[in-house]
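First, one chain by itself in structure tokens, the form predicted alone.
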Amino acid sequence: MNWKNFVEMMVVYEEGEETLWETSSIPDKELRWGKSVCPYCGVGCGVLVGEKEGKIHKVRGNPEHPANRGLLCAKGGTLPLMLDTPDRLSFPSLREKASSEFERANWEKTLGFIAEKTKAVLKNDGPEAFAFYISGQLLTEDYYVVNKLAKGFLGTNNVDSNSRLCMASAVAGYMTSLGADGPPTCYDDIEESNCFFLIGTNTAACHPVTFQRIKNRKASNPKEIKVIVADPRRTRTAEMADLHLPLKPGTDVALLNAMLHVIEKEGYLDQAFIRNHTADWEKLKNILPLYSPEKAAEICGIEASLIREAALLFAKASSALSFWSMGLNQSSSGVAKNNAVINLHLATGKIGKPGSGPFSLTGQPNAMGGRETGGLAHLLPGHRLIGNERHRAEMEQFWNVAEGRISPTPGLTAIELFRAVEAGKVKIIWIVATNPLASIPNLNFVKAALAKAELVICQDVYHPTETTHMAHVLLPAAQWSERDGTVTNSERRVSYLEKIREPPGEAKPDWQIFCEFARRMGFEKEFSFESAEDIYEEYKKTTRGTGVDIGGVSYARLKKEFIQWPCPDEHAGSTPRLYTDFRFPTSDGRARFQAREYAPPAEPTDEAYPFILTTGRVRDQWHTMTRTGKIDSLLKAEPYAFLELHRDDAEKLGIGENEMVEVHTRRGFAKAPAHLSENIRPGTCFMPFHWGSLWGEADINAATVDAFDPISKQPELKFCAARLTRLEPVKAET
């Protein structure tokens, strides 16, 4: 192996800086190298993992993996440092109540205790009193087992994921516009595209490798290749743009409709595509007069000329890719925003072709795999819907359970679930691979909910976290590099992860924990899987004949290649793009225009709360920092939370650089030092959400709003009303 080539492909994404994150001094040739996928964002970067004597020493970007071609960001480059930490969970623990001390227990006692409690609750309160809250960190095999267990055998559809906070609006957007879930694009389209429209995404911070590929494409022909960025902040992503639209948070639908208004008026519609491959154009066309650039400019707070310029750049380009993530999805009108982006592609025929299409960027490594296996409260495996009688019957027959065993009522989604726990309707909540007491909006209500639960089970890798503090049971799980299985990244690409080393102590893969619990519930035969591959082989049978058909994908094949679904048989190849024949999975084969009108966010600003608070990520921290918060180099790069606000706003409030500020909303508050900038809209402030209560008083989700989109049920984490107060420095005692 020529590691010099790998070093040259590794980039820290700061201008002019190239390096390799060395996490061990052991020479590469002395290590055993395996293949895996980075467990952070949805890019799904392939990694080569160097192990010796049971310890992971180094990682390298895998140059053969199509998602990253050898590139890694700082988080991926430092993966070995988050494994052997003092807070790793390595054995099960129990306690009577959350205020007591945990006592070490064995698996037999712990799972027996959970099974006894579960049987009592199912008997006395019914299956709706039991719930799983899971995570995009799980492997596809884990996702499948927990959904089979809950929906097919325990009788509860209350299985929702932290992916509800990430991409539920994208799921609903694809389904309502195109007829099925799934981005129709691939990362290789980046090198084919001549126009990039990035809206509601700070790609440089949240998906650094994808950003680097876009940046490289732009650099290959700077005059011809155009980049449009719509974001209230001038981020590093926006700095690359030919055109930056600093719109008011939450006004994306007005902007997108106005762009389509311009495209229609200027004669850039693809009339043949609209006529032959879409439906409901007239319904959308009828609302476009409401969104002239001048009217939209008033709503969005930007110049009408910028809207016209953006529309014409997009329309005139021979190919165009649209990227978005949480800035669109985390909204009380998130589905409408997704529909409005897809409308642009349908109206101009920029879909199903190289370099063109709508491309949502997922936040976690296997959020896509979760969608495929039924890992949300309204889904069943193979992109089936719980609300569809035929779909329920298919899975009942497949799982060999009684007719009607799967409830026809979709389960509780994330916010609904915690509200039900607080109301006493859900008695047992089993939380897996996620930290909702830092990531869910309106944390005070989440904390109150968990305090009322009869049993809180946390299946995790680390303790303590903000959430494990509230648990009655701790179950130690194996994590990245310690179990094998599959994930699906944002471009529908399935990759196999090797097991490189043994997990510490008594920790087990998540699927094994679920199966051992299922056996204690009396389902020995149905959960007798002996390996992750056994589970995968069963799961892939559920996809036969569906749009996500992976009948031709096996572990043996995945050890040699990385395959995008659908791939229905062993002779089929990977499918880089969907809808290349311009036929869509709807009743008539036509995509649907969705006539979505602008609706203001759920909580408007007012005299008492005059600022718009928006939240997000920074480049070198991850989610709630249970991993990245342990790595010195990442903490050095991103050491603490901050509040970004415009210098003019700061001057009016008497706030100086690095002075402490309290951000207060109708639900709670957080504190952080001020970062003064001209790169954010006046009247808007931004704070990253990574720092939970274990890090002080910077847990901004104590203040965010839990209103959600009525279709996707995804909460509006990107907009709430706030007021800012400068805090006087604490005087030292003399």
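Please read these numbers as outputs of a predicted model, since none were measured by experiment. For every residue, the number given is its place in the sequence shown, counted from 1.
What comes next is about the form predicted together with a small molecule, which is not displayed.
- Within 4.5 Å of any heavy atom of the small molecule in the predicted bound form lies no heavy atom of Asp181.
- In the predicted bound form, the small molecule lies within 4.5 Å of some heavy atom of Val618.
- At least one heavy atom of Gly250 is located within 4.5 Å of the small molecule in the predicted bound form.
- Contact check for Phe689: a non-hydrogen atom falls within 4.5 Å of the small molecule in the predicted bound form.
- Within 4.5 Å of the small molecule in the predicted bound form, a heavy atom is found for all three of Arg233, Met326 and Asp510.
- Checking Ser177, Thr140, Thr614, Thr543 against the small molecule in the predicted bound form, a heavy atom within 4.5 Å turns up for just one residue: Thr614.
- Though the small molecule is absent from this view, in the predicted bound form it lies within 4.5 Å of a heavy atom of just one residue from Ile214, Leu165, Leu634, Cys515, which is Leu165.
- Stretch 462-470 is the answer when you ask which of 462-470, 216-224, 655-663, 543-551 has residues with heavy atoms within 4.5 Å of the small molecule in the predicted bound form.
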